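What follows is a single chain, given as structure tokens, in the form predicted on its own.
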């Protein structure tokens, strides 16, 4: 019988598109090299900012803390331990300034809620929202000295504010001369002058918010307060954290111009804040070491308050 020849099987060559093991190894090395450079890229990008912060922020801070343990006057440059801090907490003016810090913490929710609510109305496109955006931001571009001078006229005992109160049958208020009222008046002016920046931050946060969630809540019949509480606040939790911390820092470190123009720390030291106390000791009393100690205490207060606020807001966000 004729035998059929079995065809020889030739080895199948790899397709040109299929990488060989050697090529895989090389591509793996290339990928490793690329990933290493990608890992280093963020550090290289932030290095200039870290260097600037270290040189112009952290190093002067360390020098200030070190200087707070030295003496003033005849003891200039000599190590005095905690003497400056002992003097601080025995000074009624410094105690009054720290008491006012507690008042600022209590008024902080108002300072954050005002720009937050206004940003909500603008985001929901109330009539004239474009005009309101410009009007609300306008005070932020004014100098604190100009703002203080304007409100000195408005809040004078015989000024327009008391004239308006008299027109509705209410007695005049000594806005800047009453120790129980002056601090509230200055804080109110500061909130009016600075909430425009917080409003811009809130509007930026709204840009990242999922609008379909708000539309769904409206379809379900949720009222505006419920939408704000259950949709907007959880969605803007990180933005709220940022605004809370920056607003608190601004209230502690950016009110000097208003205090200097409107009250000069009075009446009876009732409007002193740590930054005004620092200027008074440094510029008027010639005690820079004591001023450095007050600066160190102020830094510690801002750090503790900021971390506590972030912790509370994060816990509230998890509960929601």
Partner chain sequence: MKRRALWSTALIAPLALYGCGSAAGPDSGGGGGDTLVVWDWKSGDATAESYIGQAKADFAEKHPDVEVEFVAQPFDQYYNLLGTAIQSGEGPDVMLFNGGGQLRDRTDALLPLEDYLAEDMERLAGWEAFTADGHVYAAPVTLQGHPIYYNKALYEAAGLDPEAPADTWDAFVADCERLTEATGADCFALGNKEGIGIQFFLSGIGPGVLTPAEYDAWIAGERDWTAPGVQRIFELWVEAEQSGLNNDGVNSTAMFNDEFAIFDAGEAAHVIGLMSDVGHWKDFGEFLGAENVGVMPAPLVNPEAAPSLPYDGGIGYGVAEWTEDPELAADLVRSLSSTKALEAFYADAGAIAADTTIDASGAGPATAAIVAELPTGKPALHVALSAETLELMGRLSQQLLSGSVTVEDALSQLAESDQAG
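Keep in mind it's a predicted model, so treat the numbers as computed, not measured. Between two forms, the rigid core is the largest collection of C-alphas that superpose within 1.5 Å. Numbering follows the first chain given and starts at 1.
Below, we turn to the form predicted together with the partner chain, even though it does not appear here.
Contact between residue 38 and the partner chain in the predicted complex at 4.5 Å, heavy atoms? Taking the distances in the predicted complex, the answer for residue 38 is no, it never comes within 4.5 Å of the partner chain.
Do residue 181 and the partner chain share at least one heavy atom pair within 4.5 Å in the predicted complex? Judged by the heavy-atom cut-off of 4.5 Å, residue 181 is well away from the partner chain in the predicted complex.
Is residue 93 a contact residue for the partner chain in the predicted complex, using a 4.5 Å heavy atom cut-off? Residue 93 belongs to the contact set for the partner chain.
Quick check on residue 62: any heavy atom within 4.5 Å of the partner chain in the predicted complex? Flag for residue 62 set to yes.
One stretch from 223-231, 67-75, 114-122, 184-192 that, in the predicted complex, holds residues within 4.5 Å of the partner chain by heavy atom: Among the listed stretches, the partner-contacting one is 67-75.
Residue by residue through 273-290, which ones have a non-hydrogen atom no more than 4.5 angstroms from the partner chain in the predicted complex? Heavy-atom contacts within 4.5 Å come from 279, 280, 282, 283, 284, 285, 287, 288, 289.
Superposing on the rigid core, I want to see if residue 67 changes position between the shown form and the other one - specifically a Cα shift of 2 Å or more. Yes, shifts by 2 Å or more.
Aligning on the rigid core, do we see the C-alpha of residue 289 shift 2 angstroms or more between the shown form and the other one? Shift of 2 Å or more: yes.
Once the core is aligned, please say if the CA of residue 264 is shifted by at least 2 angstroms between the shown form and the other one. False for residue 264: its C-alpha shift is below 2 Å.
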